[in-house]
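Coming up is one lone chain in C-alpha cells, specifically the form predicted on its own.
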C-alpha cells in the first residue's frame, strides 16, 4: 500500500514526491511512461560524450527566491545568461528585438529615444489586444512582425498568429536598449551537473519508489494507493470524454559535428527559412569543454508526445469542461503543464507543485504514525 501514486516524473511529480516523502514521511510510488526521470528536462551524454538535452533546450530562470532556494538543495549552479539570434534577411540578429537588431537590419544609427519613436511611427493601432499578431504589430509594426514573428510562430504552433492567444508573443519583449539577454530574471543558471543529476538527488529517498516505462492506465487498478497526483494530459485521464485537447508536439534531430563550435550563441531561430524552428548548441549552455559539438534541430508537429497546450479560446473552453470533472475528483490532485493545460516555464511548474504541496498539507492530515514512518524510512 502506497500513501500516494504520482503519475509523471517531471518537475511537478518529482517535486511533490520529494516533499511528501521527506516532509510528511509518507510512501510514494512515482511512475512515468518514459525510460527516465526528469520529464522534458532530461539530459544525457551522447555517444561523443557531449551533454545534450534530449527534448530541446531547457534554461532555468526565475525571480522567485523560494523556488531557487528549493532547487538549490539538489544542485549546484552555473551562471548562464541566455542569448538568442534570429536569422533574418541573411543576417544573425538579436532576439528579442532591441536597438542593435533594428540598427543592423536597416542600416540605421538610432539611439534608444530614436528607436522608441521609430517603433511608434510603425505601430498599428488596435482597439483591443486579443491575438499574438495584435501584440506585435501594435508594438513594432507590420514589417518586423512579418520578418521575426509570423513565420516562426506559424511553424511553432501550426496556426496563424492571428488565431493564437496574445500570451504567446507577449512572452517575448521588445527593448529600446542594447540588452540582448533573452531573460531578465534575477536568477539565471544551469544545474552544474545537469538536470538529470538534480532529479536523481531530489528523488533519492527511501520513501520513494520509482517505476519507469509504466503506463498509468495499465496499473491504476492494480496498485494499492490512498491518493493520486496526476501530471499527465487531463483529457487522457478522463478517457477523452469531451474530445482531445489540442497539443503541439516536437521532433528532434540530434547531430554531433567534428568541430568545436557551430554557432556564436546557444540558440539560433529561423523565422523565414528552413522547416525547423531553431538550432541549439549545448556547450554554450553547459560550459562543457569538448573537441566536438552536438546540436539539435527542432521540428514542431501535431503528432507525438504532447509538449505545448495550444492557447486558443476554444481550447480553453474545452479544458474548463475537463477542469470541472477534475475538481469533483476525491483525493486526486492535477498539477503541471499538461494536467492544467497551461504554457508554464520550469520555475512556474515548480512553484505550482510547491503550492500544491501546501494545499495538501492544509487539507490532508499527516499520518498519525509519521514519526514511525520517518524512522522506518531512515533505516
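Residue numbers count along the first chain shown, from 1. Only a predicted model underlies this, so the values are computations on that prediction, with no experimental measurement involved.
Not pictured, yet referred to below: the form predicted together with ligand UDP.
Asker: Check whether residue 294 has any heavy atom within 4.5 Å of a heavy atom of ligand UDP in the model of the complex, and answer yes or no.
Answerer: No.
Asker: Using heavy atoms and a 4.5 Å limit, would one call residue 208 a contact residue for ligand UDP in the model of the complex?
Answerer: Taking the distances in the model of the complex, the answer for residue 208 is no, it never comes within 4.5 Å of ligand UDP.
Asker: Answer with yes or no whether residue 77 is in contact with ligand UDP in the model of the complex, where contact means some heavy atom within 4.5 Å.
Answerer: No - in the model of the complex, heavy atoms of residue 77 and ligand UDP never come within 4.5 Å of each other.
Asker: Taking any heavy atom pair closer than or equal to 4.5 Å as contact, tell me whether residue 156 reaches ligand UDP in the model of the complex.
Answerer: Yes.
Asker: Check each of 83, 104, 126, 171 and return the one that places a heavy atom within 4.5 angstroms of ligand UDP in the model of the complex.
Answerer: Going through each option in turn, the one that passes is 171.
Asker: Have a look at 276, 152, 118, 247 for me and say which one sits with a heavy atom within 4.5 Å of ligand UDP in the model of the complex.
Answerer: None of the other options qualify; the answer is 152.
Asker: Please identify, from 156-164, 69-77, 107-115, 254-262, the stretch that has a heavy atom within 4.5 Å of ligand UDP in the model of the complex.
Answerer: Residues of 156-164 come within 4.5 Å of the partner.
Asker: Along 283-317, which positions have a non-hydrogen atom within 4.5 Å of ligand UDP in the model of the complex?
Answerer: Residue within 4.5 Å: 308 only.
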